[in-house]
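Read the single chain below, which is given as structure tokens and is the form predicted alone.
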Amino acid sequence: MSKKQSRSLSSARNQLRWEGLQRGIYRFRNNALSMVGLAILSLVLVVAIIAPFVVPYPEDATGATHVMERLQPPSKAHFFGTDKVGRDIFSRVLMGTGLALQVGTTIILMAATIGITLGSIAGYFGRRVDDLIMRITDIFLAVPALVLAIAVTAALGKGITNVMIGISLVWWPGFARLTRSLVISLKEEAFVEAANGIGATHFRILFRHILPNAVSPIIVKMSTDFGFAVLTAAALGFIGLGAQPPTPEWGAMINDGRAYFPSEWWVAVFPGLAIFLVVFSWNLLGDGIRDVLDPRSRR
């Protein structure tokens, strides 16, 4: 196949992809639950951006204490009440929004980078390389993700940075297996044979021709995994491995309120609701993105 024919085939493929994307966006706009998820996440993003400028008590997110105002119930002065040292929970929940989004984004990007790289190499080259990478992947998958994340984070030490590293190191196998299966199916396609025919390098074939055609399922997985990454990070924060005081991390805030539940319920409930909204809305949005990029998965 000539270079001209290869370009023509690539152009036709891109046109079909664009038309499919347009149909998917139409379906997304007509999916009420996906739009609800998008609306909630848009609000969460706005809150994360403006929180440092609008919270009523910004000093409460940086270590200030007001012992005389401890454990006050929700009121006009403190919309979500105060915690055990008198800090305004509303301010801390809003200030923790940006941290939650940063943690989720970092975990997904790091895990996807590792998984896509290893999965691509395994699927494209096959044989011994494939066997080695997949056996390593199986080792990681043999241990429950949360247990392994706790072990890795505990070994690295407490702190939000180590939490992100620890979760990323146990989250990549899913991306690796997905990418490997996609690469194996795509490397037999005509456009890959055409690229081989014109003397393209393995690197170019893999990253210029194969992976761009595998990106849709990967994006779907990233969108659906984001909420679970936030939830897992909050779980590690709950047991004391995440962000350390006075950082307003939602999991740690729930742990602070555990001793006062149910009498002073607001200390734990409002950070828990924040986690629920982020995870729930990401799941709704992930379902909508799946319908846009992978219509075969629709029921």
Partner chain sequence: MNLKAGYFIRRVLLLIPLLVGLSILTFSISRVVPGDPVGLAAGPQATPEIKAALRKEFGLDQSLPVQYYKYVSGLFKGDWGQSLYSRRDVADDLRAFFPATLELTLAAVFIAAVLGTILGVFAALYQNRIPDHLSRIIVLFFVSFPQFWLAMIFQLIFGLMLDWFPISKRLDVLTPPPERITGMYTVDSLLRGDLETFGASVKHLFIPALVLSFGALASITRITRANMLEALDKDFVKMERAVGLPEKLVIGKYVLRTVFIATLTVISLEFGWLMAGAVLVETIFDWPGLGLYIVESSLRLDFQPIMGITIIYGIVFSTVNIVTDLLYGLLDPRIRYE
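Only a predicted model underlies this, so the values are computations on that prediction, with no experimental measurement involved. Positions refer to the first chain, counted from 1.
Heads up, the form predicted together with its partner chain isn't pictured, but that's what we're talking about next.
- Partner contacts here mean any heavy atom within 4.5 Å of its partner chain in the predicted bound form, and among 101 to 109, 201 to 209, 121 to 129, 150 to 158 they occur only in 150 to 158.
- Using a 4.5 Å cutoff between non-hydrogen atoms, P73 does not count as a contact of its partner chain in the predicted bound form.
- Although the partner is absent from this view, L33 contacts its partner chain in the predicted bound form, with a non-hydrogen atom inside 4.5 angstroms.
- Put simply, I239 is close to its partner chain in the predicted bound form: some heavy atom of it is within 4.5 Å.
- By the criterion of a heavy atom within 4.5 Å, I49 is excluded from the residues contacting its partner chain in the predicted bound form.
- Checked against its partner chain in the predicted bound form, the candidates L231, V55, V44, L38 yield a single residue with a heavy atom inside 4.5 Å, and that residue is L231.
- With the partner omitted here, the residue from I165, L141, I219, L178 that has a non-hydrogen atom within 4.5 angstroms of its partner chain in the predicted bound form is L141.
- With contact defined as any non-hydrogen atom lying within 4.5 angstroms of its partner chain in the predicted bound form, the contacting residues in 276 to 293 are F276, V279, F280, N283, L284, D287, G288, R290, D291, given in sequence order.
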